[in-house]
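The chain below stands alone and is given as structure tokens, in the form predicted alone.
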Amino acid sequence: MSATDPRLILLSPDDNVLVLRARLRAGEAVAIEGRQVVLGADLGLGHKLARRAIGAGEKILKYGAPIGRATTAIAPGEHVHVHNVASDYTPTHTLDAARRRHGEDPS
């Protein structure tokens, strides 16, 4: 198996995400199965990074079980969260979506 940063944990061999075991800062490099990725933002404990490329519409697997689907293509090492994942079980609410519903430009 290729080297993965010890601050990340793979919960099941079927998962396509890794979970942060520690807070990581923007600009830090982490190894994901031998590939170096530089984080674009601070990320807290429990957040997820893509273990590999995930296609739009593909299931997000954590603990070997689907927890949602990608709403856009996700690059290896990219943060996996509500901005690019929709739950298959509960509504996903984001501030950007609320602003669009109210006619505001979220940018």
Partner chain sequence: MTEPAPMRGFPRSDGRKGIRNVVAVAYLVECAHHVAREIARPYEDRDVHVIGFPGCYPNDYAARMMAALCTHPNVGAVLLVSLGCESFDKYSLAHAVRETGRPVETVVIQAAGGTRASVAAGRAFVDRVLPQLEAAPTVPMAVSELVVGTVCGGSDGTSGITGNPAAGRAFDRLIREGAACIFEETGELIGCEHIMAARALTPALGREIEAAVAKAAAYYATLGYGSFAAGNADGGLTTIEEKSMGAYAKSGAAPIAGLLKPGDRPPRGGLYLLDVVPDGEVRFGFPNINDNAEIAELIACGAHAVLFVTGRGSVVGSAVSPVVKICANPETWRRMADDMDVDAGRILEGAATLDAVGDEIRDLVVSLGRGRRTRSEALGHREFILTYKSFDPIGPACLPAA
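It should be emphasised that the depicted structure is a prediction, and the values quoted were computed from it without experimental measurement. For the two forms, the rigid core is made up of the largest set of C-alpha atoms that agree within 1.5 Å on superposition. Numbering follows the first chain given and starts at 1.
The next section is about a form of this same protein that is not shown, the form predicted in complex with its partner chain.
Contact check for A53: every heavy atom lies farther than 4.5 Å from its partner chain in the predicted bound form. Using a 4.5 angstroms threshold between heavy atoms, L45 counts as touching its partner chain in the predicted bound form. Using a 4.5 Å cutoff between non-hydrogen atoms, D14 does not count as a contact of its partner chain in the predicted bound form. When contacts are judged by a 4.5 Å heavy atom cut-off, V30 does not count as touching its partner chain in the predicted bound form.
This chain appears without its partner; in the predicted bound form, the one residue of A65, A41, A75, V38 with a heavy atom within 4.5 Å of its partner chain is A65. Within 4.5 angstroms of its partner chain in the predicted bound form, the stretch 52-89 places a non-hydrogen atom from each of K62, Y63, A65, P66, I67, G68, V80, H81, V82, V85, A86, S87, D88, Y89, taken in sequence order. The Cα shift for R21 between the shown form and the other one, taken after rigid core superposition, is smaller than 2 angstroms. Fitting the two forms on the rigid core leaves the C-alpha of R99 displaced by at least 2 angstroms between the shown form and the other one. In summary, the C-alpha positions of A56 and R99 diverge in the predicted bound form, ending up at least 3 angstroms farther from each other than in this conformation.
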